[in-house]
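A single chain, nothing else alongside it, follows as structure tokens in the form predicted on its own.
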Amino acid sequence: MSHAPLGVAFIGGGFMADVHSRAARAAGARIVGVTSSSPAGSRVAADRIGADVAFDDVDALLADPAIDVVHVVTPNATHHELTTRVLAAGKHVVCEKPLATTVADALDLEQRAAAAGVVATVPFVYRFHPMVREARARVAAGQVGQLFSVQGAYLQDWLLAADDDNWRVSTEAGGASRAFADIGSHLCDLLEFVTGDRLARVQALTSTVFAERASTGPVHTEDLAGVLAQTHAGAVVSLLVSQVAPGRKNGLVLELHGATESLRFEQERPEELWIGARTGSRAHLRNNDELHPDAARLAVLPPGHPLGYQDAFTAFAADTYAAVRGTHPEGLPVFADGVRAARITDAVLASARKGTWSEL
């Protein structure tokens, strides 16, 4: 493939199209077009994100030879059908998480992508904070020692009131899980990515705070989930996921406790990695000269110039497009990672429903 800018397009014209398009443009792609739920909606979205073309429908978008990569940024329940069409057209694809609302559908997409021979990624973008990579490198280098325990949380408050509503609340549009599939999947991906260890079994409690919401009506998805787990290496894990935690906007936190040191990363303070020791605990601020190579690669601004969520998304897009060009970026989340998230979500729901441990 030439080094001309890749042509990208978006199926879906909502908030995530804004985020993906900013990342795509910053990563050097050309925004060819977008299609939304109607031709009129497509025109509005194209104007907003600066796309060249407002496609009337998905078929028209997929028929355009100028498009190399398609980003699927639609409600969860549509991911399998739309991504299947993208793969059948031979396009590379980025599919928002959850990859699918069932394990079977997620597996099907992974297999179709492999058969098509295309790059197929899922935006678990918190992997792309430099200080997350620094934490991962410290674990891999043995600086943490044997991992004893993990504590994590992902807390938000945007669904705190009964009149707060969104398509994600609906089982039909969002799938059987809401809070855990939506944000718990990020937390678990980050945990397994940083530790290099996998969850082996989980025991979960879920709670639906409001039996009905303003637009959805009766609610069958969870507002929060508490999870006790154990990794294959034996570490004890406790996780809390909530979309009804007052004052918490995007409180993603991961803390590891090893034989030698502890590590704590807070997404809302992304320039910092807390390193705990019996004596001499410290806040390790991003200093590019002190980072492990994979972390330094993502530190695209000098120290003191904060890198945030949109920068992490740009790094994810850049690595996806680099993979399209034939390279193999470290830590790129692919459809297999989307399948893994679907399996963990399924195990959490099964455990909460049965009141027993679920094996992974």
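Sequential numbering from 1, following the sequence displayed. From a predicted model like this one, the values you see are computed outputs, not experimental measurements.
Not on display, but discussed next: the form predicted together with a small molecule.
A.B. asks: Select from the listed residues Ser238, Ser281, Asn250, Gln146 the one whose heavy atoms reach within 4.5 Å of the small molecule in the predicted bound form.
C.D. replies: Going through each option in turn, the one that passes is Asn250.
A.B. asks: I need to confirm a contact call. Of Asp182, Asp189, Glu222, Glu110, which residue comes within 4.5 Å of the small molecule in the predicted bound form, counting heavy atoms only?
C.D. replies: Going through each option in turn, the one that passes is Asp182.
A.B. asks: Out of 77-85, 135-143, 269-277, 242-250, where are the residues with a heavy atom within 4.5 Å of the small molecule in the predicted bound form?
C.D. replies: The contacting stretch here is 242-250.
A.B. asks: Using the partner position in the predicted bound form, report whether Arg213 sits within 4.5 Å of the small molecule, counting heavy atoms only.
C.D. replies: Because no heavy atom of Arg213 falls inside 4.5 Å of the small molecule in the predicted bound form, the answer is no.
A.B. asks: Does the 4.5 Å heavy atom contact test between Ser177 and the small molecule in the predicted bound form come out positive?
C.D. replies: Ser177 lies outside the contact set for the small molecule.
A.B. asks: Is Lys97 one of the residues lying within 4.5 Å of the small molecule in the predicted bound form, judged by heavy atom distances?
C.D. replies: Heavy-atom contact with the small molecule at 4.5 Å: present for Lys97.
A.B. asks: Counting only non-hydrogen atoms and a 4.5 angstroms cut-off, does Thr195 reach the small molecule in the predicted bound form?
C.D. replies: No, Thr195 stays farther than 4.5 Å from the small molecule in the predicted bound form.
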